[in-house]
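Next up: just one chain, as structure tokens, the form predicted alone.
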């Protein structure tokens, strides 16, 4: 393991927050922008460093672990940071998407750019903290820290319907966060561990499990609380509206990373601590995932004629695969969910970036007003088609491995549900390829011809290419070498996840 002279996890959290604080205290704009590069680059580089030096056989043990005193030891609260094989992929995702979103924001020329970057940096620091926290109090705290800037950015820098979108985001996500908090506090109280430390809680509850009825109620709280935050059907309507109104970098960070908080919480906390409760909710969760998120939302996505709304609905649809993987109650399903979370985070962030780039050139999100853009912007067309194919799950991209693993796990759980879920790939292919064809190929519409005659569209600039390359390169790297993530996942999930004998164990090896 690498021996750095500092704690890489703490620095990855503190750096963007320190830059945000400097901007808040009146740092001049020219220095704020330059320092923002550091605030976004340092977490990404440290995340890659941790990935490269992560011990292959670490298992469920936390590495790069450090504990900091908070003065709240009597409540069992301490800032304990560490990564295991489940947290590592999400920590890397947060670093890479944060870097891409930050680079795109710096070059966006947004109004009040200093304040915009300050909020994004706070969001970035919170995201790094979510996946580096071993203490579930700080796991929740960092999520709230990252969530608050989202509301502000949608309300201030958002597009159409931004006030309504910000209000709906606030109501739904606050409800989900409160349900989750109640569930987490109840686990702390009922466990008797007198600690929020996840390792201590696991040891305590493996030795003395909670009663099955209590587990059912607690898991239900966490499932619906986290589920609302992830856009579980039918509590999903905040997501397409919010992403449609959100500025691009905020949509990239929230849809790409922050929305994974709920799924991560179910896998890292709820399933290992409440395995008997989870087993009583699988039918409900699987049904909502397949028939709600994948099929109902999938058909709604096909009907969209607004490009950004289409990307937002597609993000909700793909969360159905993740919920299905969790409902399988196997380490194979859980591993597939983690792989899909990383892949989806990268691909949806790329799609939101490119969607805004298209809008800058066409001045519309209406698919009926587009066509033939590939003639003038071939590089943009190539990136968009690649991102679309990744989202569909084409082999060679990271999404393929996540979906394939979930389908294999789901086949053991329910062949009927698996067949319905696989049908979602056809739905994704229809709306994805049709959208690419409408935007880039065919004859330009009269509306687009008038716009491009007055303002001829230029191809992607380097300020847009660089963040797009970062995201696409990560999708391809994991797509061609999935063991870079599945190896630490195998070690974390097989021997110690979940409680011994509680759930069937299958591994993610073989990819």
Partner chain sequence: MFAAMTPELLQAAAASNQWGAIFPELALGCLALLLLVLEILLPKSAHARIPVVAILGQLVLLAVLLWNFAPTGLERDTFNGLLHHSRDGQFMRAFFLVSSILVCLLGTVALAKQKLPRVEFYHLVLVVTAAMMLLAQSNHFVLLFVALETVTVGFYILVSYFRASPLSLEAGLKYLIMGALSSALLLFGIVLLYGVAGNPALPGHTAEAMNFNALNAFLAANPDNFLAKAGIVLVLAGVAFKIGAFPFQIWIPDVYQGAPTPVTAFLAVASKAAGFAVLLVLTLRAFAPYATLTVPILSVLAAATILFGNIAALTQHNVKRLIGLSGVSHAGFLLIGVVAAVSTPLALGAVYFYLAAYLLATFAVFGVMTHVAGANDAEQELDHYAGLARDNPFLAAVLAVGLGSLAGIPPLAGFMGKLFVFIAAFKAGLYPLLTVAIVGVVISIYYYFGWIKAAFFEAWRAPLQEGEIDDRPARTPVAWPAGVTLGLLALCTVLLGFYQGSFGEWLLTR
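Computed from a predicted structure; not experimentally measured. Residue numbers count along the first chain shown, from 1.
Just so you know, the form predicted in complex with the partner chain exists too; it's not on screen, but the next bit is about it.
Only one of 174, 204, 108, 279 lies close to the partner chain in the predicted complex, with a heavy atom inside 4.5 Å, and it is 174.
With the partner removed from view, the residue among 367, 113, 199, 148 that has a non-hydrogen atom within 4.5 Å of the partner chain in the predicted complex turns out to be 148.
Heavy atoms within 4.5 Å of the partner chain in the predicted complex are found in exactly one of 100-108, 280-288, 252-260, 160-168, that being 160-168. When the partner chain is considered in the predicted complex, residue 264 lies well away from it, no heavy atom lying within 4.5 Å. Contact between residue 71 and the partner chain in the predicted complex is found at the 4.5 Å heavy atom cutoff.
The shortest heavy atom separation between residue 211 and the partner chain in the predicted complex exceeds 4.5 Å. Looking at residue 190, you'd find a heavy atom of it within 4.5 angstroms of the partner chain in the predicted complex.
Shown without its partner, the chain has 171, 174, 175, 178, 179, 181, 182, 185 in segment 171-185 as residues with a non-hydrogen atom within 4.5 angstroms of the partner chain in the predicted complex.
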